[in-house]
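Let's start with one chain on its own, the form predicted alone, as structure tokens.
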Amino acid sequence: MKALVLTGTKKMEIQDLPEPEVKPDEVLVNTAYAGICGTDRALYAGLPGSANAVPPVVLGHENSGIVAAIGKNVTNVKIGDRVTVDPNIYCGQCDYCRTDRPELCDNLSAVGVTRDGGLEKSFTAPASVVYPIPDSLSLKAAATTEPVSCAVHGMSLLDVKPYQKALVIGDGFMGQLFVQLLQAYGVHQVDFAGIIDEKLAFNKEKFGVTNTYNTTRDSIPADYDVVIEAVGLPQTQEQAVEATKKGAQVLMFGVGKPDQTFSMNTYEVYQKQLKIQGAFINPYAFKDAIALLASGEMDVESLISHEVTLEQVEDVLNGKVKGVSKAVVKVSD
């Protein structure tokens, strides 16, 4: 079968691989769409994602498709079902798993990271991470369930109330998801900061953002109850803390480099009684993510800027394809 294999740092090639064997508790999925995200760019460059990817491996952790076969113990899906797949697989035995913090699992494995993922005709996954999707949800949109679920997890770590004013920093795909998600959770005012005027205007017109700031020229007032940083750069992380009012919460969602640091005024953290929160992956957030997508509460297809083939994936990852906000790979019909 056709597969795009990561063979080394910044090296990928199309290969003909055998169809994977389906174990008793696994599902074989024919990939329809696979999303490309910042984690894939990191793995391509030899950096860690949720876990380390050791070549040769097939990337693709944001997937949708059709069930092609099931193991003898599988009961939650059947052949022909339209599905999406949570890539993250927890051991269930470490201290974190046994104290209701599976996202911090010491033995985390992941489809498209530590085992072959969706950038191939077919891949396998444990049945426990395979979710049927309703007919109202397109396979293209369903390929974004994983990033939506990560945002849902981030929201679950905050105490969000309707009266609050929220600011999202970062006009990439994840920042635009948070704009919609905050509104779906009932926050009455959502403001948006980024560097691309067209994206800021689009989110104001389509998703009801109240105020926008182009951070290359505008100052952000220190007036927010909730600030979500969705970039992962020191300057935007500093902006996030500086934009807070007293009693505020800051979600540091953007992923920085492993050795990256940023500066902040520690007296203000004390004096404002700030809560600064990280968020890692997406424990048990897929059901909520599917519901948000299927109900129309979130519009992801308007945020997808590129639909590409397996042969074009490497050009997306190495930056040769310009202007990518969100790319999905059409693997098969």
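Just so it is clear, the structure is predicted and the values come from calculations on it, not from any experiment. A residue's number is simply how far along the shown sequence it sits, counting from 1.
Not on display, but discussed next: the form predicted together with another copy of the chain.
Undergrad: Kindly indicate whether Pro18, Arg41 and Asp135 are, all three, within 4.5 angstroms of another copy of the chain in the predicted bound form, using heavy atoms.
TA: Negative, none of the three is within 4.5 Å.
Undergrad: Based on heavy atom distances of 4.5 Å or less, which listed stretch (154-162, 138-146, 169-177, 203-211) is in contact with another copy of the chain in the predicted bound form?
TA: Flagged stretch: 154-162.
Undergrad: Identify, from the list Ala279, Ala32, Leu28, Val58, the residue with a heavy atom within 4.5 Å of another copy of the chain in the predicted bound form.
TA: None of the other options qualify; the answer is Ala279.
Undergrad: Is it the case that Leu292, even though its partner is missing from this view, gets within 4.5 Å of another copy of the chain in the predicted bound form, heavy atoms only?
TA: Output for Leu292 is yes: heavy atoms within 4.5 Å of another copy of the chain.
Undergrad: Although another copy of the chain is absent from this view, report whether Gly254 comes within 4.5 Å of it in the predicted bound form, heavy atoms only.
TA: Gly254: contacts another copy of the chain in the predicted bound form.
Undergrad: I'd like to know whether Cys105 contacts another copy of the chain in the predicted bound form, with contact meaning heavy atoms within 4.5 angstroms.
TA: So Cys105 counts as contacting another copy of the chain.
Undergrad: Does any heavy atom of Gly80 come within 4.5 Å of a heavy atom of another copy of the chain in the predicted bound form?
TA: No.
Undergrad: Which residues from 268-282 come close to another copy of the chain in the predicted bound form, meaning a heavy atom within 4.5 Å?
TA: Contacting residues: Val269, Tyr270, Gln271, Lys272, Gln273, Leu274, Lys275, Ile276, Gln277, Gly278, Ala279, Phe280.
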